[in-house]
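Okay, so here's just one chain, in structure tokens, the form predicted alone.
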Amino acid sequence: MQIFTEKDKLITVIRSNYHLLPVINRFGIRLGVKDKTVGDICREKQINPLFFLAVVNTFHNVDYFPKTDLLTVSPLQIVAYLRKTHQYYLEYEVLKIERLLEKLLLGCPTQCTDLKMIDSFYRKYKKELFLHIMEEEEKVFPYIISLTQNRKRIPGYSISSYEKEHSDVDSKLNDLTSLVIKYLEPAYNDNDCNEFLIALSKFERDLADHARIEDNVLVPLVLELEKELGDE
């Protein structure tokens, strides 16, 4: 298993896995990194290198998840990162998948009832994803920020409520991928379909890692804060 450290040059990290570029961008890091190490870049950008490496290595290795290291990070840093991730989803990833699906539909020479069913499923999934993100942006994250900065709980609310209502949006994306693989009729363009499936798979992986950070790190950190502050 390849694990990146502060001593690794950032160009080495990027060239090892170009799929890490969107993750790196969420920290405000753009290309033009020269021969600087991860440590150099983190110092320049005032990024916690422990947090940066934990996230990058989590996305790079399926079986890697440094929960102990991440539990030392401030909830505010995690919320800032998650908000950048939401922005990436809404402004790029979801729109890209829609364009690929539309291209797949336009390239089908028949009635394409199977593709229309997949399109309908995706649009329902998109609504659920948006609701999930808005719940976090408008309710959960402001609560965590207030709890961390003001050291004061909001009456009648706790992170446990969010934990119970936390919809498993990544599993729905898995269902969509399975629909395409199992039930798509062969009247489609191979290259367009492959591109669509690869985009779905990449997004599914991103969502799964995103959910792991939320469920296994952010929620426990906030539960501990609530415990320290006591009942309101």
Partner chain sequence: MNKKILIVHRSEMVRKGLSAILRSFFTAEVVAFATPDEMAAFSSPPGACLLLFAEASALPQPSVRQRLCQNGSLKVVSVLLSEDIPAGELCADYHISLHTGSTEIHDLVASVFKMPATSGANGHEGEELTQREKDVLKLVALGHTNKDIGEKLFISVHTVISHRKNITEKLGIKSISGLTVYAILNKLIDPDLIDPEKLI
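Please read all numbers here as calculations on a predicted model, not as lab measurements. Numbering follows the first chain given and starts at 1.
Below: the form predicted in complex with its partner chain, not depicted.
Visitor: Going by heavy atom distances of 4.5 angstroms or less, which of Ser146, Thr113, Ser74, Gln87 would be at the interface with its partner chain in the predicted bound form?
Guide: The option sitting close enough to the partner is Thr113.
Visitor: Out of Asp69, Glu195, Glu204, Asp40, which one falls within 4.5 Å of its partner chain in the predicted bound form, going by heavy atoms?
Guide: After the contact test, the surviving option is Glu204.
Visitor: Using a 4.5 Å heavy atom cut-off, which stretch among 30-38, 43-51, 56-64, 187-195 contacts its partner chain in the predicted bound form?
Guide: One stretch meets the cut-off, namely 56-64.
Visitor: Would Leu179 show up as a contact with its partner chain in the predicted bound form if we use heavy atoms at 4.5 Å?
Guide: Yes.
Visitor: Give a yes/no on whether Arg123 approaches its partner chain to within 4.5 Å in the predicted bound form, heavy atoms considered.
Guide: Arg123: contacts its partner chain in the predicted bound form.
Visitor: Given that its partner chain is not shown alongside this chain, does Leu131 nevertheless sit within 4.5 Å of it in the predicted bound form, heavy atom to heavy atom?
Guide: No - in the predicted bound form, heavy atoms of Leu131 and its partner chain never come within 4.5 Å of each other.
Visitor: Contact with its partner chain in the predicted bound form for Arg26, defined as at least one heavy atom pair within 4.5 Å: yes or no?
Guide: No, Arg26 sits far enough from its partner chain in the predicted bound form that none of its heavy atoms falls within 4.5 Å.
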